[in-house]
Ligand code: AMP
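The chain below stands alone and is given as structure tokens, in the form predicted alone.
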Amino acid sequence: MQKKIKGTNDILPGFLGEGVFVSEFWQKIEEEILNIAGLYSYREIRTPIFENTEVFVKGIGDTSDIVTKEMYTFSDRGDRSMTLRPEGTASIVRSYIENSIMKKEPISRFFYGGPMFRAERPQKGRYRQFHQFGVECIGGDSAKYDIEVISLFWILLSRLGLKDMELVINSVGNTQSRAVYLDKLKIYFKDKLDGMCKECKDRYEKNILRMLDCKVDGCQDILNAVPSIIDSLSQESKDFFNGVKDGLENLGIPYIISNRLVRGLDYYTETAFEIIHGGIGAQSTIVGGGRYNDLILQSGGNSVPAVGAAFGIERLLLALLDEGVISPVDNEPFYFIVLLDKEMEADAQKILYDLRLEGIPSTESDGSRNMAKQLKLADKSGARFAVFIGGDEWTASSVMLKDLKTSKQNEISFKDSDPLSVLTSFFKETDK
């Protein structure tokens, strides 16, 4: 028997799925995403799920954990190096440059969604194929655009019903500020490396800022006393960060500052932020993002400021389930056709087609002629009413309806009209 690859998941409908992998939950999230994106005037962009490897090496940074450890990279038939996308921003930047979008509009607001791929150890909230929703605001150099992106996610999570969430912010400064800070980190960690993990020792040489992301217990006392990057910020970066804080306070969005928050990607400048949730264990970050003013220039385009963020749908669903605030999109049928007479099958199919044509969700049995089995399937389908086609009532120009929630039955005459008309009117008049 063939089995799915470890770290990937089937997303199944209804009772067939388990935990976060129920397709109706995903539809609920996607429905709200479209609503919020529309409120903020963000438009959808879709990029390929694989790119030339250089897109991610240049965009994410060749010393980042994603590039050095986690990318799914392969050679195609032309012996070119290709990579399944591990995140969305680098691909969107590539598309922005390639399609000369800067020449067509001063500020671009994009949203995207789809599968991402990272070769990491699967665990709760972390998978080898996972799914992200993200936004990118490209062209805006003011702190108000950072606030726009943060508030978009804050509203989205709030509308989904999430309560146990916390916004964490920091500034990683501009290039000049960060250079000053990296020198301070070199001095601070130099005589402490012997007491730190192997990964921290490696990062000290390759990308010292990544040391602040370490989760190893034995390193925490050293990391908790690390110098704050805020103290190394240039006046320009301080003013920008103050603008972000002022903007959040103006909107009434609460936040805390963490001087260790640097995010896991090398392209961030100025603002870095996360929205975290206490109920999903070690993978507590739901939303992560920040500003990346240098990325488009580094990727071969012009110097264009930008800010963006994304969340993993699986992690968000874990948080929503933890709080018990997620319910599936209502896509259950309103009518379930129960066929009583075999010779009425063509009539039943025509009624079923016409109901759907009217926009009324309807379904039927699997072909069973046994009424008890059909009603059992009707209950399982989640339908609101069973419609009996055939029998004495039908012969007398009446349709029998059974409320599958209350078991109450209604007989409705169609002598002066037709079955479709009375079923359509009943649908419109019923409290859904």
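Just count from 1 along the sequence shown to find any residue number. Just so it is clear, the model here is predicted, and its values are computed rather than measured.
Another form, the form predicted together with the named molecule, is not on view; read the next lines as being about it.
S.K.: Using a 4.5 Å heavy atom cut-off, which stretch among 101-109, 155-163, 311-319, 293-301 contacts the named molecule in the predicted bound form?
M.R.: It is 311-319 that comes within 4.5 Å of the partner.
S.K.: What is the one choice in Tyr255, Tyr204, Phe130, Phe334 with a heavy atom within 4.5 Å of the named molecule in the predicted bound form?
M.R.: By the 4.5 Å heavy-atom cutoff, the listed residue in contact is Phe130.
S.K.: Under a 4.5 angstroms heavy atom criterion, identify the one residue in Arg263, Arg94, Arg178, Arg85 near the named molecule in the predicted bound form.
M.R.: Residue within 4.5 Å of the partner: Arg263.
S.K.: Can you work out whether Asn174 and the named molecule are in contact in the predicted bound form, taking contact to mean some heavy atom pair no more than 4.5 Å apart?
M.R.: Asn174: no contact with the named molecule in the predicted bound form.
S.K.: Heavy atoms within 4.5 Å of the named molecule in the predicted bound form: does Lys184 have any?
M.R.: No, Lys184 sits far enough from the named molecule in the predicted bound form that none of its heavy atoms falls within 4.5 Å.
S.K.: Using the partner position in the predicted bound form, report whether Gly134 sits within 4.5 Å of the named molecule, counting heavy atoms only.
M.R.: Heavy-atom contact with the named molecule at 4.5 Å: absent for Gly134.
S.K.: Tell me, yes or no, whether Glu148 is in contact with the named molecule in the predicted bound form, where a contact means a heavy atom of each within 4.5 Å.
M.R.: No, Glu148 is distant from the partner.
S.K.: Does every residue of Arg126, Thr285 and Gly288 put a non-hydrogen atom within 4.5 angstroms of the named molecule in the predicted bound form?
M.R.: Per the other structure, all of Arg126, Thr285 and Gly288 touch the named molecule.
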